[in-house]
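Have a look below at one chain only, the form predicted alone, in structure tokens format.
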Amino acid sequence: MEATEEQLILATGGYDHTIKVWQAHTGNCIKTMRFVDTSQVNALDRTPDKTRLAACGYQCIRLYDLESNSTTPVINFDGVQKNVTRLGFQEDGNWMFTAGEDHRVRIWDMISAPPHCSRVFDCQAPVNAACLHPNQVEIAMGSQNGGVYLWDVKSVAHEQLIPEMDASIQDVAISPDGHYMAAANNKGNCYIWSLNSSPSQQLSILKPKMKISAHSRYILRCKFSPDSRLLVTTSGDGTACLWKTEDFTKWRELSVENYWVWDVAFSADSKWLFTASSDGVARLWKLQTKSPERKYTGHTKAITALSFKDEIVAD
């Protein structure tokens, strides 16, 4: 089903302790929600039914209702330690995963009221990143000690890799077609593995494919496009670089000069890209022309997280 313009919602959050909800097609801010005065927003994700928005930061996870006029969270998750770095939802919204600097990735049962933690994986090092495999069973994780993990959430089965010594993994991503996994580090390198499933093994089989020297500085995010044809990496060098997954050569470079590009999100047709940067501006780029078509201005400090999960962004 093609989304109506009203459903084209972009959410952004940052160092100004606020979360803003925008009409993606106009650039109008339609709602501002207060986060936590002691934390920036590290990650955002909408529930699959698009009615709620989850946000995480230092010692906090909050869930907001997007359909009400309220700007306060409807759920505060209890017992969260240290910095919570990532979160995301299983495709039916039955559970949510979170990752954090307390070394743990948690599975939260979202059907129960209130939600509760039902499973925990200990990476034995602060976790910077986590993402869910399209098979909805495996979670990839990246830690500050350089470890990349793959965990079967229905069991204790897992695998650990260390692609580069003395480098912190800043983000991990798995392509929507399930063929590739990427892990990006604080030295500007992005590692690619091919993924294969086997009837005799619970976990996907990881095979090293290549190393991309993607950026001159710290990589902040890596994400695959919905059609799995592109990988984007963003960095403290002020760029978002797009790589063709057929051979992982560079296809495009988008520049926000003198600022860090903190986060990105593709449109459903893989032709548009949202970026969040340290100048406090989110931008919508038309990839074919490498030009920013729209700016979302209103944050007073760096935007560190964004979420966009909808159908088509119209011209």
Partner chain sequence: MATYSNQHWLLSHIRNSFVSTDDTGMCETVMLSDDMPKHFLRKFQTATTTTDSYRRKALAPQRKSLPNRPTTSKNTDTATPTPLALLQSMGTGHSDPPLQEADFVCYPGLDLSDDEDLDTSTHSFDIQMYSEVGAHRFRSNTAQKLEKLDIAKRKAARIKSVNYNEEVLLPERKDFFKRKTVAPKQYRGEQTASTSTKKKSSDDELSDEGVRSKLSEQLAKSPKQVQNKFIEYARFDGTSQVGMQTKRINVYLNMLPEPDRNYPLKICVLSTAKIIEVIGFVCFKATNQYPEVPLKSVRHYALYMTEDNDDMEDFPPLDNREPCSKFGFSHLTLAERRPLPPVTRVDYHSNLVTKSMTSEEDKVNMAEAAVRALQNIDLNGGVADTGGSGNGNAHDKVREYEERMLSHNEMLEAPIYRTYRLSIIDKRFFKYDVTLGVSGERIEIDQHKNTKFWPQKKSVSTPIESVAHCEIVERRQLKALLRIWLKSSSSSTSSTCTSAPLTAGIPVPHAGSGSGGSGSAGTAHSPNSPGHYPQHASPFGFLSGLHHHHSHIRFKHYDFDTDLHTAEQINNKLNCILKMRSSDIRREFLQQRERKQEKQQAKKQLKL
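Not measured: the values here are computed from a predicted model. Residue numbers count along the first chain shown, from 1.
There is also a form predicted together with its partner chain; it is not shown, and the following applies to it.
Although the partner is absent here, Thr26 sits close enough that one of its heavy atoms falls within 4.5 Å of its partner chain in the predicted complex. Contact check for Leu66: every heavy atom lies farther than 4.5 Å from its partner chain in the predicted complex. Proximity of Pro73 to its partner chain in the predicted complex falls within the 4.5 Å heavy atom cutoff. Not displayed here, its partner chain is approached by Glu138 to within 4.5 Å at the level of heavy atoms in the predicted complex.
Put simply, of Ile111, Met210, Met165, Val156 only one has a heavy atom within 4.5 Å of its partner chain in the predicted complex, and it is Ile111. Contact with its partner chain in the predicted complex, defined as a heavy atom within 4.5 Å, holds for exactly one of Ile192, Leu203, Ala173, Cys241, namely Leu203.
Of the candidate stretches 111-119, 141-149, 211-219, 184-192, only 111-119 has residues with heavy atoms within 4.5 Å of its partner chain in the predicted complex. Not one of Asp49, Asp237 and Leu254 is positioned with any heavy atom within 4.5 Å of its partner chain in the predicted complex. In the predicted complex, the residues of 226-240 lying within 4.5 Å of its partner chain by at least one heavy atom are, in order, Pro226, Asp227, Ser228, Arg229, Leu230.
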